[in-house]
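What follows is a single chain, given as structure tokens, in the form predicted on its own.
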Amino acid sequence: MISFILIILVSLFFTGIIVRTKSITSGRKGPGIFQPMKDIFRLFKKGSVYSKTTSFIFQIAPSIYIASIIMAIMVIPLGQYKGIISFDGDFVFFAYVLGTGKFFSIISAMDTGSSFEGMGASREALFSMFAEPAFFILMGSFSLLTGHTSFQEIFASLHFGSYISYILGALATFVLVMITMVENSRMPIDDPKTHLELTMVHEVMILDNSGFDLGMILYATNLKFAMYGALIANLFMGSFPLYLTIPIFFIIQVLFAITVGILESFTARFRMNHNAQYILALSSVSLLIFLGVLLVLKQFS
């Protein structure tokens, strides 16, 4: 339960830290760290407008999308402390409950009847499909290393005690950071501030959403950032007591948000035809982690 509460708290200021970091690196004062949430709360107070060409799918999709993320957050532990939901193989549940929400967001964009939004939906589906193997290879590798199949048992048993394991931790962090950027349609895969029609991905999918529905979609991005940040934090918590895990959790989340802000400030967006190749290459990095686990377990003769 405590991990769920902490992730919700972090989601209130995560994107604010990203925006603040980007402002500082560009030499501007910028808004406060709670300004993105203020904008979302302003949207929550407004009604939603629906096109006559859309069906009930378009109306329920934002609710299902954010509900799937909240359900996934319930699975995430805090070091040795279980999440609200915990069972063997729960990381598979985590991936596919997120996939359910992504599916509804994609068909919601297609439900508008706009070929423009359909274009963004097809790109979103392609990028998510290529990111999925990297996540499963990563978690499967740690499952092999620890002998467990649930998030809580994997992270509680995970420890770094050799040079190879330190490298594995660094590679795993890199993979999770890049998966986060892909899943949230951020640089270098996508630019959330872009207005160039031919390169838009997630932004074009939500052009018809407004008011409360748009607020839920935007807040879902905050939750996903905090959610993946929690996974990264769990890599380094181990079995520390609660009075240490909570500060570590917040420190890693803040560092993660600053890292995202720096990446978006100093990296250029990839050419659209290179995105799929780059995302698929994350699976190669995950395979390196798998080979490293075999070395740690001395499976190579």
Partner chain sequence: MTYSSLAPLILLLPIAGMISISLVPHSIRDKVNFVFVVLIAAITSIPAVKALTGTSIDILIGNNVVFGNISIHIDKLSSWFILIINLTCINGAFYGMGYMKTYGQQKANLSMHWIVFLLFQSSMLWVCMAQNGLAFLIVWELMSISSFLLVIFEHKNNATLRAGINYLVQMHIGVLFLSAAFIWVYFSEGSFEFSAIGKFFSSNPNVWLFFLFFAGFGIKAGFIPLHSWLPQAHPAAPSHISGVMSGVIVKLGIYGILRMVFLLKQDYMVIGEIVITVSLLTGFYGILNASVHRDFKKMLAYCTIENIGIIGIGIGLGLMGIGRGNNALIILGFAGALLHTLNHSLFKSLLFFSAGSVYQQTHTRDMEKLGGLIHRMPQTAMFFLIGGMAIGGLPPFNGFVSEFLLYYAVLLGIKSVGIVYITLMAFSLAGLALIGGISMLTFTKGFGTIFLGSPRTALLRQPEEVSLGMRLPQYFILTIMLSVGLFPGFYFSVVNEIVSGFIPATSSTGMLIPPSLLNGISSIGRFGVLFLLVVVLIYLLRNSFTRKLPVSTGLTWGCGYTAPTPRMQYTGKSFSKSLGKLLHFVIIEKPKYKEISAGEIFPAKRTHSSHYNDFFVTKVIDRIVDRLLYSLNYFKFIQNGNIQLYILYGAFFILLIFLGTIFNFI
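Everything numeric here is computed off the predicted structure, so don't read it as measured data. Positions refer to the first chain, counted from 1.
If you look for the form predicted in complex with the partner chain, you will not find it shown, but the lines that follow are about it.
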One residue of A170, I164, V177, M71 in contact with the partner chain, assessed in the predicted complex (non-hydrogen atom, 4.5 angstroms): M71
Quick check on S143: any heavy atom within 4.5 Å of the partner chain in the predicted complex? yes
Flag L242 as yes or no: does it have a non-hydrogen atom within 4.5 angstroms of any non-hydrogen atom of the partner chain in the predicted complex? no
Answer for F56 alone: is it within 4.5 Å of the partner chain in the predicted complex, judged on heavy atom distances? yes
Since only the chain is shown here, I'm wondering whether M216 would be in contact with the partner chain in the predicted complex (any heavy atom pair within 4.5 Å). yes
Which of 230-238, 47-55, 244-252, 25-33 has heavy atoms within 4.5 Å of the partner chain in the predicted complex? 47-55
For 84-113: residues with a non-hydrogen atom within 4.5 angstroms of the partner chain in the predicted complex? I85, F87, D88, G89, F91, V92, F93, Y96, V97, G99, T100, K102, F103, F104, I106, I107, M110, D111, T112, G113
